[in-house]
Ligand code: NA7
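This document opens with one chain alone, in structure tokens, the form predicted on its own.
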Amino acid sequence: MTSKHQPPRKSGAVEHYDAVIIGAGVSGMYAVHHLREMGLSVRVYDGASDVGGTWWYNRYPGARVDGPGSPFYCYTFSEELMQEWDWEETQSDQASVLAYLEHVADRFDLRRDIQFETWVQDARYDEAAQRWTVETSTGVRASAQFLICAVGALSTANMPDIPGIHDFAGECYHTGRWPHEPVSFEGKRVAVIGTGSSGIQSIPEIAKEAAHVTVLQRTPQYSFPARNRPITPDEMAEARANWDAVRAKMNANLSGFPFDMHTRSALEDTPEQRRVLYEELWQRGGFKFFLDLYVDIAISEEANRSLADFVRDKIREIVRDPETAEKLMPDYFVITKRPILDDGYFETFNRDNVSLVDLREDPIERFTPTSVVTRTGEHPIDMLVLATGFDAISGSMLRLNPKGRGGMSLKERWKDRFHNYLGLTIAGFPNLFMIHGPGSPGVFYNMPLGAERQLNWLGEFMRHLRERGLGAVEPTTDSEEAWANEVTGLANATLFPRTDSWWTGANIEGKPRYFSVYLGGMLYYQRIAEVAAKDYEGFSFEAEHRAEDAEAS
């Protein structure tokens, strides 16, 4: 039986392509399909052993889509895909999403242009040739006019630096780098650091099997019931029958999902009316909780407080021990950290085999080979689960650290701010394009649809260059500054920047601190369309170098 994967290639020669794509996740997969359809030669490099990106790595217990979910967390470019793929649950689990992406790779024969188990170790721009050269972990070198960075907004794991952590002799796993073979918790004492999305999803599952779970909580969270359920045949049939209308609604929606947008302020209702709505949404569950909320929850402190108080009351209602419930009380503006959906998270603290340590009151002092020691005592453990998240949005680009004009590294260019234009391009780095980078809607938008829309725009941009004999393009620093002001202006009209979160870089020591996501949602796609209509306003173009000019230089 032959493998569906290509063996890693080793080569001393340089391979030439129109575009090199880094990453074979949701964005990179669409990139190879779309650019290939345009007639471009492409090559993808990915360190994993198959497609899927974040869905290949994040196999921790309880991992699920925590956005609006199926069947709309999907590609929209092919109606056949929608017609032939049966989603089973409203909040699909990791295995189901990965199976879908593997199906897409099979359906469109994507793997023939992907080299797996291959990390890009260096990427640098050759100004004379107007091309990018990449060097890989397998020895393959490649040259391309365009470098597409589909490296993932949530793919660079954040590893905590705690005294003695490397001395711990038991099993240790990061949720974002979970083993592919089964992990057993049976009979084990497990400590979990972190109560973000992966922690809140995994803790209830671990607690069902482990002898004891010690939750090491850094920041208490607002979490909402997922109410995951099977998708009915009628729901799938309706989505398929009305697919054109569904797609149009997704493209018109603020977050890229086919739901109506609401305009009512929380302050228009009485406190009693607000609680009736919140209770209805809580019982229904799912991500539509946030989409069907009042329009000003993230803008008005008073509106925000009404929802925050409701959730805190729910925590007190669910968690039987009052002292534990108080430790679980969030004290920031609700939904200004990534909204989390759970499957019985707060209920888990009613189990006899689960204990909560509030690290703000009782911080970790060190690890030993067999325990974690906090200020008030020692907790013997057999396993440590690091649900400590990612160096998000910018981290994967900085890990790649491409070198642009004059050999300038991205780490140097981004030391004070993640300079970019449209969330897609960076001055000093010609012909380099980011998908879901800082300054784009990225993690605030339906990720597969956002990747499609950004890459469709970039495809036309690349066509524009090639048809006009242009060899290189990059934004001006003035357009970068104007874009930064636009992104910041949108953010500052909300409560989001006033909370420490990975959206603001607060989870990574030394990271520039500001809100780096474009909050205009679908307005972003109007903005980039306007830029294209104005002959790509804000960009600086360079004519294609003739071969003899490149040789002379």
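Predicted model only: the values in this text are computed from it and were never measured. Note that residue numbering follows the sequence shown and begins at 1.
Keep in mind that the form predicted in complex with this ligand is missing from the display, and what follows is about it.
In the predicted complex, no heavy atom of Tyr524 sits within 4.5 Å of this ligand.
Taking the partner from the other structure, this ligand in the predicted complex has a heavy atom within 4.5 Å of a heavy atom of Asp66. At a distance threshold of 4.5 angstroms between non-hydrogen atoms, Leu410 is out of contact with this ligand in the predicted complex.
Contact between Thr388 and this ligand in the predicted complex is found at the 4.5 Å heavy atom cutoff. When you look in the predicted complex, the only residue of Gly377, Pro271, Pro363, Pro160 with a non-hydrogen atom within 4.5 Å of this ligand is Pro160. Comment: this ligand is not present in this chain, but in the predicted complex one of Ile203, Ile315, Leu154, Val372 has a heavy atom within 4.5 Å of it, namely Leu154. Only one segment in the set 429 to 437, 253 to 261, 194 to 202, 71 to 79 has any non-hydrogen atom within 4.5 angstroms of this ligand in the predicted complex, and it is 194 to 202. Using a 4.5 angstroms heavy atom cutoff to this ligand in the predicted complex, none of Thr336, Thr488 and Leu519 count as contacting. Interface residues of 199 to 224, taken as those with a heavy atom within 4.5 Å of this ligand in the predicted complex (partner not displayed): Gly199, Arg218, Thr219, in sequence order.
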